[in-house]
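The chain that follows stands alone, in the form predicted on its own, written as structure tokens.
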Amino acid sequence: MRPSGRSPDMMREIGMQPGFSAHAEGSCLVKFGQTHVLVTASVEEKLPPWMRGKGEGWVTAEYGMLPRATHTRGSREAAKGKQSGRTQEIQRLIGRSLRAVTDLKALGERQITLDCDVLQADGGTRTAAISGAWVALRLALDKIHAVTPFAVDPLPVQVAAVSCGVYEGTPVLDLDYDEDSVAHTDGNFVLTSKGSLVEVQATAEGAVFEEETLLRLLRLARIGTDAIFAAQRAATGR
């Protein structure tokens, strides 16, 4: 029995509140159970120097956790003067995941920054951030399109992410903290709505795992991302 009482293939309750921020071009408050992440999309009609003149745009991401997002207070990374390796790794993952489904040429010479701020953490913060970032990006692009129509949709498919792992010998979907902290195998799966894989991160935490276990986790991930895709469509009206 999982601590939450969920069946192995059951997601936590998914919530996506679009337009949560009044000022950002696109925003979404995404909830995977007790994990809550605010994602905002900011559009700039300019590019970093190394991108200029290429005839395409750029999508990037930043990630951070509020000091009391967890059970004990964590120090602000800004106060330390540098980001942790974990933070850098997660925000690069978010950026890669969103660029994988974005037509950067269709975007034009502009940059969109996705800020992912963890308000409350209970496992799966990076997967919630990726899933909510797609909504924020979609809304920002729709706002651009209303003023300057795109010839081609820069975001033709959805992307979502979910965690899967082996808890007490059983492959399970969407781990919360109680499961993630003791899981024998921990994985994060990033998939598109067309069924393609963007990224798979799977690690043997307490015991090695077999190929069949990885495939079972992937099958669970497809169940989870299908539920997330439906929530994304509901949030964006698509």
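For every residue, the number given is its place in the sequence shown, counted from 1. What you see is a predicted model; the values in this text were computed from it and never measured.
Same protein, other form: the form predicted together with a further copy of the same chain, not shown, and the subject of what follows.
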Legend entry - Heavy atom of Tyr63 within 4.5 Å of a further copy of the same chain in the predicted complex: yes
Legend entry - Residue contact check: Glu45 to a further copy of the same chain in the predicted complex, 4.5 Å heavy atom: no
Legend entry - a further copy of the same chain contact at Arg68 in the predicted complex, heavy atom, 4.5 Å: yes
Legend entry - Non-hydrogen atom contact Ala202 with a further copy of the same chain in the predicted complex at 4.5 angstroms: yes
Inset, instruction - Would you kindly say which of Asp153, Glu89, Glu109, Asp142 lies with a heavy atom within 4.5 Å of a further copy of the same chain in the predicted complex? - result: Glu89
Inset, instruction - Spell it out for me: taking a further copy of the same chain in the predicted complex, does every residue among Gly85, Asp115 and Val208 have a heavy atom no farther than 4.5 Å from it? - result: yes
Inset, instruction - Go through 127-135, 144-152, 93-101, 160-168 and give me the stretch that gets within 4.5 Å of a further copy of the same chain in the predicted complex, heavy atoms only. - result: 93-101
Inset, instruction - Counting only non-hydrogen atoms and a 4.5 Å cut-off, give the residues of 118-135 close to a further copy of the same chain in the predicted complex. - result: Leu119, Gln120, Ala121
